[in-house]
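A single chain comes next, written as structure tokens; it is the form predicted alone.
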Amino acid sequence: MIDSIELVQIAAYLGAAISVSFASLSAGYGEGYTAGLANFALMRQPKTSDQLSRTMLVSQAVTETGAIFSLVISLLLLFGGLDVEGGIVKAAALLAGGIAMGLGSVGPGFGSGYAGGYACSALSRMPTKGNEIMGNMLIGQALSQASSIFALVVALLLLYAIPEFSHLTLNQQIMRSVSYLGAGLCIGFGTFGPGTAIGFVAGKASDMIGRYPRERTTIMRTMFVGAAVTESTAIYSLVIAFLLMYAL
């Protein structure tokens, strides 16, 4: 028979595994995608080797952001000195924290990789605009990674800001546990679309700057508007996650 403390530890172990594995999936793909297009761009414009390498490495470093957040959450779940009291409610909160961070990093990982790859492609077409293209790439990736920051906030709250519910009945504890799991799933899945799509917007913007550098101002303005509207759905998910955690 599994006791309360063991149940919480099992949930923490599963949460740690989910957190780092899902984040590594998308971050690894995103970094490889950037490197692939960087190699393609290098063959088109061999003289830009240094610029391309720098752009590629900077992009990969930013793409790694969500995976680093997930690694931190995983380490906290394993070695962070978390309270193992609380029964199924605490277990659900810890598992939900791992789910939130793991799933919440998937979209930004894909999106940042896409933005970086097309920045390298644009650089091979217009090497004289390297600084502008990298600047646009970093802005787009930062907007894309905002979704993973939302997930990080929810994950940390689930790990450390859950009150004691031992006074509740079993049915009430189950309902509270489901609400925490719902919060983790909400922010996790809710950031997938915005994180991926904003990277797509940034990648296409960099591509167009490489083709039509004189239209850079118009292209970036359109990118900002599109990214802002796209990010709104991640904010909706964040609001619902907060409501599930604290208002029900």
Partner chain sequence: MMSKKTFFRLLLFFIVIQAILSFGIDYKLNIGLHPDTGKFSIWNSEYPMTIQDRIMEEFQPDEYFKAKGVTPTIYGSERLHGFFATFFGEKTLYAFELIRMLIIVNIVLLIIVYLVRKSIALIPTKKQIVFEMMYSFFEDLTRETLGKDKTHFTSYVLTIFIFIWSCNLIGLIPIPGFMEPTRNINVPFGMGILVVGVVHFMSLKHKGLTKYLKGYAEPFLPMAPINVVGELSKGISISFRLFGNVLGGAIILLVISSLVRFIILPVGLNMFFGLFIGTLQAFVFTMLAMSYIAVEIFD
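Only a predicted model underlies this, so the values are computations on that prediction, with no experimental measurement involved. Residue numbers count along the first chain shown, from 1.
Although it is not shown, the form predicted together with the partner chain is what the next lines describe.
- At least one heavy atom of A161 is located within 4.5 Å of the partner chain in the predicted bound form.
- Looking at S21, you'd find every heavy atom of it more than 4.5 angstroms from the partner chain in the predicted bound form.
- In the predicted bound form, L143 approaches the partner chain with a heavy atom inside 4.5 Å.
- Taking the partner from the other structure, the partner chain in the predicted bound form has no heavy atom within 4.5 Å of any heavy atom of I10.
- Only one of I88, I149, L71, L78 comes within 4.5 Å of the partner chain in the predicted bound form through a heavy atom, and that residue is I149.
- Just one listed stretch, out of 219-227, 39-47, 57-65, 25-33, contacts the partner chain in the predicted bound form at the 4.5 Å heavy atom level, and that stretch is 219-227.
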